[in-house]
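Next up: a single chain in C-alpha cells, the form predicted alone.
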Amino acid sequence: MRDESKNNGPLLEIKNLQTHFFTNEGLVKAVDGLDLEIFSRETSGLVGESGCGKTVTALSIMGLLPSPGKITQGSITLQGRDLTQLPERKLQKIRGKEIAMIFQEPMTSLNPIFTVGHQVEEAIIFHQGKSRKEAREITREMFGKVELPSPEERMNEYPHQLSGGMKQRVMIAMALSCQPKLLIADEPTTALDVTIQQGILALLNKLQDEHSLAILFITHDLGVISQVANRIAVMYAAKIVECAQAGEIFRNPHHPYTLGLLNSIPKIGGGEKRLPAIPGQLPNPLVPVKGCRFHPRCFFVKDYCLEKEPPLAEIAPGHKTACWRHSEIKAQSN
C-alpha cells in the first residue's frame, strides 16, 4: 500500500474509455467515458455495485472483452503504448507479462485436467521462454512466496484438491510469476471466508512491496478496499462519480453514492441497529437516464439534477466528484 511520488507520471492512464456492447436488445454502454490513472507501487481501488462496469473496465485493459463488446472510443496507455491500438499478437505478449489479472473465482480460471504447478509453468514458458526445468523451479519459488504449505506437494495437485484460499494463492503465484508491472485483482476475496480473506489481503500488500507492483483492486466492498488502497475511484452506472486519496474518500465523501456506500459498512459497537441501504437499484443499461445517473436513488436530488449530467470535476486538490450538490454532501457526512 505504498504511496510513491507521482512525478514520473502514471504507469497506466485511461482517457475517455467507451466500451459498448451491441446486443440484440440494444446498445449497452458498459463503460461510458471513464478516466483513471494507476501509478507504480500504488494500489488503486475501483469500487461500485455489481453491474456498474468495474469488470468490463478490467477486461478492456486486458484486451479480453467478450463478444459483442467493443472499445469504441478512448485510450488505455501503458508506458507510452496505447493498448487499444495494438494487434492481438502484441497484446498477447503484454497480457500476463506486463499486466496480469486474478479473478473472483479461481476455479473458473484453473484448468481442472492439469496440475496447478503445470499451469503456472506453462505461463512462465510462454512469456519468458524458460525451459521446463527452469519454469518448475520458478513455480516452486512462487508457491513459497504466496505461502502455500508444502509447495512441492501442491505443485502436483489438481485444482479440485485445493481449498478456495489455496486456489486463489495459486492464481496470485501465476499472475506474479512473470513479474508484471500491473496486477488487476477483480474481487479476489469475495468468495472466501473472512479469515482467508484477511490472509489474501495481507499477502497482496506484502507482494506489492517485494515486487514494486501497481495494483488495481476491484471490489464492491469499501471495508475491504480501506485495508489496501492508496487511492479510490467510485464507479456508478458506467462512470466514475468520485475519486480521491483513500483517506480523503473516507473522511470527506462528496458524492451521495459514496456516502451511501460508507454508511452501509458495519461499525464496531453498532449492535443490531439496521444499516441504512441505498434505495432502488442500478438503472437499466438499455434505458439512458437523463441528467445525473444517480438521481432516482438520491436523497439530495433537486429538479436541475434531472436535467443535466454533472461532470467529474476537481473540487479540491486530487479530489474529483460528479455531483451538483457536493458541498451539501460534505456537510451531511461530517
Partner chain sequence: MTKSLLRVVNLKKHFPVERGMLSRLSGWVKAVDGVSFSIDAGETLGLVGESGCGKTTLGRTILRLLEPTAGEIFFEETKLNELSPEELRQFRARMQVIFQDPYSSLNPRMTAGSIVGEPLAVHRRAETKGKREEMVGELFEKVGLARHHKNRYPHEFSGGMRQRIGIARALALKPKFIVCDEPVSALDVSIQAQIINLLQELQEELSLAYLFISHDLRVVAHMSNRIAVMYLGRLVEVAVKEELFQNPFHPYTKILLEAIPEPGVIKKQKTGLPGEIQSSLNSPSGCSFHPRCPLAKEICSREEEPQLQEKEKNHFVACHLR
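Numbering follows the first chain given and starts at 1. Bear in mind that the values here come from a model prediction, so they are computed numbers and not experimental data.
Another form exists, predicted in complex with the partner chain; not displayed. Remarks below refer to it.
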| property | result |
| --- | --- |
| Location of the partner chain contact in the predicted complex, chosen stretch of 135 to 143, 210 to 218, 164 to 172, 73 to 81 [non-hydrogen atom, 4.5 Å] | 164 to 172 |
| In the predicted complex, L261 touching the partner chain (heavy atom, 4.5 Å) | yes |
| The partner chain contact at S67 in the predicted complex, heavy atom, 4.5 Å | no |
| The partner chain contact at L222 in the predicted complex, heavy atom, 4.5 Å | yes |
| Partner contact for S226 in the predicted complex: the partner chain, 4.5 angstroms, heavy atom | yes |
| Residue (of Q104, Q119, Q197, N252) lying close to the partner chain in the predicted complex, criterion heavy atoms within 4.5 Å | Q197 |
| 4.5 Å heavy atom contact with the partner chain in the predicted complex for all of E49, I278 and Q281 | yes |
